[in-house]
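In structure tokens, one chain follows: the form predicted on its own.
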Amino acid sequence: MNYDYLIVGAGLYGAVFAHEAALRGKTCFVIDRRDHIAGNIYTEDVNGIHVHRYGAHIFHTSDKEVWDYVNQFADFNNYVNSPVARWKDELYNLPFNMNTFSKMWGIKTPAEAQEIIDKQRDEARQSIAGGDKDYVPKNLEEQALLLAGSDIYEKLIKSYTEKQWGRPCTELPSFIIRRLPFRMIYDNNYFNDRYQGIPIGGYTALIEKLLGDTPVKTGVDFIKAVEDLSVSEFGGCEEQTPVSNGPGWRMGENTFSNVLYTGLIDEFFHFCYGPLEYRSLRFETEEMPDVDNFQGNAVVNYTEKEIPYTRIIEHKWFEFGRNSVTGEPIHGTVVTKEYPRTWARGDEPYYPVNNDKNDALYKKYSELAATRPNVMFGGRLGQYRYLDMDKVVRLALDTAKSQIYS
């Protein structure tokens, strides 16, 4: 059979595109390297608890069109993301708000908190820039000190960030933390977006509904399974750039007119310019049938350097500790420790390392990708940037509009 689209990746981007294509009479075939659909938002039922296998995912957006769109496929609960940070034996609410400041400094009013923050900011500006108010921070450490002061930086930012990115804050770009939120109110809601929640029954069910009757095959490595009919060798740099209007692609007995690729853009071209950098993660999940409440919160961040993991997730609290079908309290619990690590080929890439070096390298791959008119590159790995879920949906809808609707 000849399909209009081969969609590489059964995550949110690929599923939204497949749904929109099917609505307009286009034929799609979806493949994924993993043994399941839903990509990084995959959730699996463990004793009635929907476990986020690849880390916590909370859907949040201020885009009403996107919110209305995803609500076609799932009912969302009213979960509000309110993580807690643990530094040694001290617990602090996130994001930085009056609960955080009150615990840190023993103060009660916004004026008291602001006075301390302003004093520490001024001290940092004097130390870093000689008091220059127009000074532009050169790295994340300088940016954090100028925004948050020394206490918050040392306890809640420095070691957590260095664990996450695997390098000192002095070697990280300032933009990572440029929008650090400060609230002079008692409000632990991490996000400022108008809409927020988690699909009742988990994300996997949402992706299943998006995919509908579209054929899906998991456990398939695109690079190994697909032959480009337009050139003798798949991929390549300038000297191997494919013919612009080749006859398509083949996988087994099926052929495809177009490809939507949501994998690593550098891998698509066999890393011909060299690999882009990513950060990976290792997850250590433990079922605790005899423990009903391990930490009292869905997410607790560990901000001291002596602890190797960045956070512990207790999955049952994403759905308030109750079975999503029966509504009954769930006995036992499941927790996951999240360990950041350096990415190497063959590992799962989770976070693009967007700095000047990698952005310049991605630009070369992006320019090469533009020479393949029958291939679209989408999503976090295909476009080499960190994307929240609502932005993934928006980009997939926009891609479908430009490619299918016209």
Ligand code: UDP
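The structure displayed is predicted, hence computed values, not measured ones. Residue indices: 1-based, along the sequence shown.
Below: the form predicted in complex with uridine-5'-diphosphate, not depicted.
- This chain lacks the partner; the member of 272, 94, 307, 184 within 4.5 angstroms of uridine-5'-diphosphate in the predicted bound form by a non-hydrogen atom is 94.
- Contact annotation: of the candidates 257, 164, 139, 82, the single residue with a non-hydrogen atom within 4.5 angstroms of uridine-5'-diphosphate in the predicted bound form is 164.
- Of the candidate stretches 192 to 200, 287 to 295, 101 to 109, 172 to 180, only 172 to 180 has residues with heavy atoms within 4.5 Å of uridine-5'-diphosphate in the predicted bound form.
- Contact annotation for residue 226: none of its heavy atoms lies within 4.5 Å of uridine-5'-diphosphate in the predicted bound form.
- Contact annotation for residue 147: none of its heavy atoms lies within 4.5 Å of uridine-5'-diphosphate in the predicted bound form.
- Although the partner is absent here, residue 303 lies within 4.5 Å of uridine-5'-diphosphate in the predicted bound form, judged by heavy atoms.
- The shortest heavy atom separation between residue 160 and uridine-5'-diphosphate in the predicted bound form is within 4.5 Å.
- Here the marked residues 29, 69 and 216 all miss uridine-5'-diphosphate in the predicted bound form; none has a heavy atom within 4.5 angstroms.
- Interface residues of 342 to 364, taken as those with a heavy atom within 4.5 Å of uridine-5'-diphosphate in the predicted bound form (partner not displayed), are limited to 351.
- Compared with the form shown here, the C-alpha atoms of residue 180 and residue 194 sit at least 3 Å closer together in the predicted bound form.
- Figure legend: C-alpha atoms of residue 118 and residue 180, shown here, are separated by at least 3 angstroms more in the predicted bound form.
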